[in-house]
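First, one chain by itself in structure tokens, the form predicted on its own.
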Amino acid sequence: MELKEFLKLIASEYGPGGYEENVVKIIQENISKYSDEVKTDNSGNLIAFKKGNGKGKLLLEAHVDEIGLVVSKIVNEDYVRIHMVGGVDYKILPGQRLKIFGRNGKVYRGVVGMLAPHLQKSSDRGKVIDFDELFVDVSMNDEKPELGSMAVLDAPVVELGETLLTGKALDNRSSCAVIFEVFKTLSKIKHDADIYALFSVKEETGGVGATVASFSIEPDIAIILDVTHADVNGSMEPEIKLDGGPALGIGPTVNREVFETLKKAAEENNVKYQIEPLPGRSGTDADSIQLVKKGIKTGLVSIPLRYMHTPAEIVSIEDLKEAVRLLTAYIIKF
């Protein structure tokens, strides 16, 4: 399966923190063709292994979960209330369609409602709706979702022209697709290091999965893949651009030797890249993986993404391809 189609497939699937099984299953079925071993652990992480010549262990890590919602109150047979799972900005929710996954295995539809502007008081029309005023209309279902049912935005990934994709969960299924493509590439070339791919769970709710799995793998070096904010109109310096290539993180969280080696691999292979200064914590699984056991040397490679944690995230497939080229070149030099 080609990179773009694989990303569209996994990003459109349901998988909030703690409920990633559907996404993990799709990745497992596809990456197994290019791996020597694939397994899941007790936390639900997926770990794929590609044998080299035993000269060190390199971990490529990306989280599979997405932001979501949980049904927190049943109002009546037509309406439920919700609470956020992960970093959801409630201001984007009014008018959104939801897929709600019941504890009984059934899938329900929902619409996040609010009072129409025609019915609002004139004094209220300019106000941002409070979270407590949001409700989900579930009246279109024959049966109703139970308390504790999980939901995600109903926003499948679609193409915008030849290179751009938009939809939900491109944070961080984009990175998962990059690792999948790297394993496809490694099936055709020789490499000295043993390569582990970790598709970790629960990053959006605390990063538990990455910590557990990296403890068991205990790699020499870990390259964490995630997304970063792109094209934010000068509010961040330096500004990360779509189609500018992957962003290499540099700062206290990142091992300087790993950063320099990644940068050199990019320059020697004419891979487009950008630099992302990190003043402290990166907000990625790199923050926890570097602390495992005696400490793990970490690098951070991020995919530029617009409109993070919304139903209209945007990435460029060209940036993903450049990330694949970068990681492949790094592995060959490892």
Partner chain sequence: MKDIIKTLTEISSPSGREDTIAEKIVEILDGNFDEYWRDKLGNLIVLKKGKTGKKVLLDAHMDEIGVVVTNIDENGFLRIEAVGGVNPYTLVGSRVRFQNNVVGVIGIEGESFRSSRENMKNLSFDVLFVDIGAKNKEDALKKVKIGSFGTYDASFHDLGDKLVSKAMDDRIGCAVMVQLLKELEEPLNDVYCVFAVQEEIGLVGATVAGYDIEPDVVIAIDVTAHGDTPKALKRIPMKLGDGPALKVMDAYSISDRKVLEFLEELAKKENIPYQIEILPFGGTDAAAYQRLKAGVPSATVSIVTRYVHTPSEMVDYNDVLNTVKLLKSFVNSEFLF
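Numbering follows the first chain given and starts at 1. Because the structure is a prediction, the values reported are computed rather than measured.
Although it is not shown, the form predicted in complex with the partner chain is what the next lines describe.
Residue-level contacts in the model of the complex: of 109, 81, 229, 191, one residue has a heavy atom within 4.5 Å of the partner chain, and it is 81.
Here is the short version: of 264, 91, 99, 73, the single residue with a heavy atom within 4.5 Å of the partner chain in the model of the complex is 73. The partner chain is not drawn, but in the model of the complex it has no heavy atom within 4.5 Å of residue 318. Not displayed here, the partner chain is approached by residue 205 to within 4.5 Å at the level of heavy atoms in the model of the complex. Although the partner is absent here, residue 132 sits close enough that one of its heavy atoms falls within 4.5 Å of the partner chain in the model of the complex. Taking the partner from elsewhere, residue 18 is found to have a heavy atom lying within 4.5 Å of the partner chain in the model of the complex. Shown here without its partner, the chain carries 165, 269 and 332, none of which come within 4.5 Å of the partner chain in the model of the complex through any heavy atom.
Of the candidate stretches 166-174, 110-118, 142-150, 181-189, only 142-150 contains residues with a heavy atom within 4.5 Å of the partner chain in the model of the complex.
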